[in-house]
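Below you will find one chain, with nothing else, as structure tokens; this is the form predicted on its own, and questions on how it binds or moves follow later.
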Amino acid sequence: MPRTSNPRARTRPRARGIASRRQGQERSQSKGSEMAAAARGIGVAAALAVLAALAPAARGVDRAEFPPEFLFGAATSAYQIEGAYLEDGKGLCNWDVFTHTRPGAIRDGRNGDVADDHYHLYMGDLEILQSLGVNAYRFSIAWARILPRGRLGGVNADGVAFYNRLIDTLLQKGIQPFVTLNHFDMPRELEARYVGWLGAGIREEYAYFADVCFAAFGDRVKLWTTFNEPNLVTKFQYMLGGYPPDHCSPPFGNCNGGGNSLREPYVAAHNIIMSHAAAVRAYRDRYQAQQGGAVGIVVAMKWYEPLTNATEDVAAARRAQAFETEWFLDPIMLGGDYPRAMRELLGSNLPTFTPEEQELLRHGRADFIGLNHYTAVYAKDCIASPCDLGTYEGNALVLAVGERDGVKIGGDTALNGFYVVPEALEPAIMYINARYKDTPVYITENGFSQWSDTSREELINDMERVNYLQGYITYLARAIRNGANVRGYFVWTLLDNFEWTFGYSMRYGLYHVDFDTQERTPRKSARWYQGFLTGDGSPTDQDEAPQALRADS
């Protein structure tokens, strides 16, 4: 799950619906470009968003609007929920060491040692999942639970056994496993040896890990993703700092771990791209014919709208998207090079693909693309006018802003800079479909954040989350009606969990978790999602209080 560049900044969610988009969104960018084609639909969407702002809960969306085989699920990740950080042969991961040794790095000073204790309580959690009526579950495999010391240390049989139990139970319940191989964590020993993703030797380590997982679980897992949000995590690891190994340099920051923000993110990204390609080729060569699965990659994707009609801001929105999604997807999906805008701005700081790497990329095209989409922002050009460049989009010489003419682009969430703009989902999907030749898309994360110190009544009766999910799923249905190739949607997240540098101070779960007792309590949003999936009407109108339960009850 992405975070703001300042984990201590916070905004209070307001009791408002989905805000309408301002006039002028029908402006075209360069005719014939993929972004221009995608953006044309957003002007029409503005009128619908006005209605959404007036009465979001009154506007319905029906499961029948989606194909029967469409996947609806919830998503989690290993470090964020599993706990059991040193049990049954698991090795230390980078986040285990980081949270224990870096005072002040986590907002509430806590860690993922126990988290949701999912390692012990997974059976109850899968009962919860089944009760929602989902047909898929996206989770990740903890690298250090399978290979505690990397490829030189041997496979941990107990770790393999845990994921076998998890996968088998899901299938018994009619729920398809959708497995992520890497969701921000790696064995600490490998991080120390290769400085995370900076050393080229990490490619061979990752390829071995992927091969072990394909061999152990691929007879039952048919949907794999190699990486979760590498375009985001490399920025927080090597440009802005905040994630292990916590590298950065001015103007982006001064990190204890040192680093070079102008070069290291792109070296790390290059190694991740080639690791992905190696894993995909191995799957195609050794497993796909027999196992019949597919391998994709998940990227974070904001939608960028130009702040003004000025040519510079229109170009800035296009450039921001190149540095956001095309950075990874162009080499992987088009098999050529990084986007031209990146080459022009970054010069020699951007690695060059060797002929051997280009050959591997031709065999490493993803079968599908996962999009983690939460928000939209305005893009302001920073080439022709001065800006603060020490920000998430600063490497693209773009400043992301949430207001135009004093009006916010959408309603607030707890996460600073993340706004409720459901109508942006459709052009984002259309843009990806157009650029990458109708490659299937899954919305692999989408969710609404609350602060933990919000009143318990607001946390449980989370109508803002209901409105958020309903709004985004409505525009997802609209995109499909308009021809989008989308195959699934996953809510972030099933349970409140360890939200990286926010610790437990921020909550996204359909289920509220009391981390002292491990009680899971269904929120109003869980009942809404269940009602949507099962066709049981509108459970958000029910008056009865949700029942708390322990995951092992």
Ligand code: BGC
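So that there is no doubt, residue numbering starts at 1 and follows the sequence shown. No experiment lies behind these values; they were computed from the predicted model shown.
There is another form of the same protein, the form predicted in complex with the ligand; it is not shown, and what comes next is about it.
Interface stretch in the predicted bound form with the ligand - options 217-225, 96-104, 422-430, 178-186, non-hydrogen atom within 4.5 Å: Heavy-atom contact with the partner occurs in 178-186.
If you check in the predicted bound form, is E445 within 4.5 Å of the ligand, heavy atoms only? Yes, E445 is a contact residue.
Using the partner position in the predicted bound form, report whether W492 sits within 4.5 Å of the ligand, counting heavy atoms only. Yes, W492 is a contact residue.
Determine whether any heavy atom of Y508 comes within 4.5 Å of a heavy atom of the ligand in the predicted bound form, and answer yes or no. Contact check for Y508: yes, within 4.5 Å of the ligand in the predicted bound form.
Hey, in the predicted bound form, is E229 touching the ligand, heavy atoms inside 4.5 Å? Contact check for E229: yes, within 4.5 Å of the ligand in the predicted bound form.
So the ligand isn't shown here. In the predicted bound form, which residue out of N372, N395, Q450, Q470 has a non-hydrogen atom within 4.5 Å of it? Filtering the options by heavy-atom distance leaves N372.
Listed residue that, although the ligand is not shown, lies within 4.5 Å of it in the predicted bound form (heavy atoms), from N271, T474, Q80, T234: So the residue touching the ligand in the predicted bound form, by this definition, is Q80.
Enumerate the residues of 126-161 that have a non-hydrogen atom within 4.5 Å of the ligand in the predicted bound form, in sequence order, or give none. Read in sequence order, no residue approaches the ligand (within 4.5 Å, in the predicted bound form).
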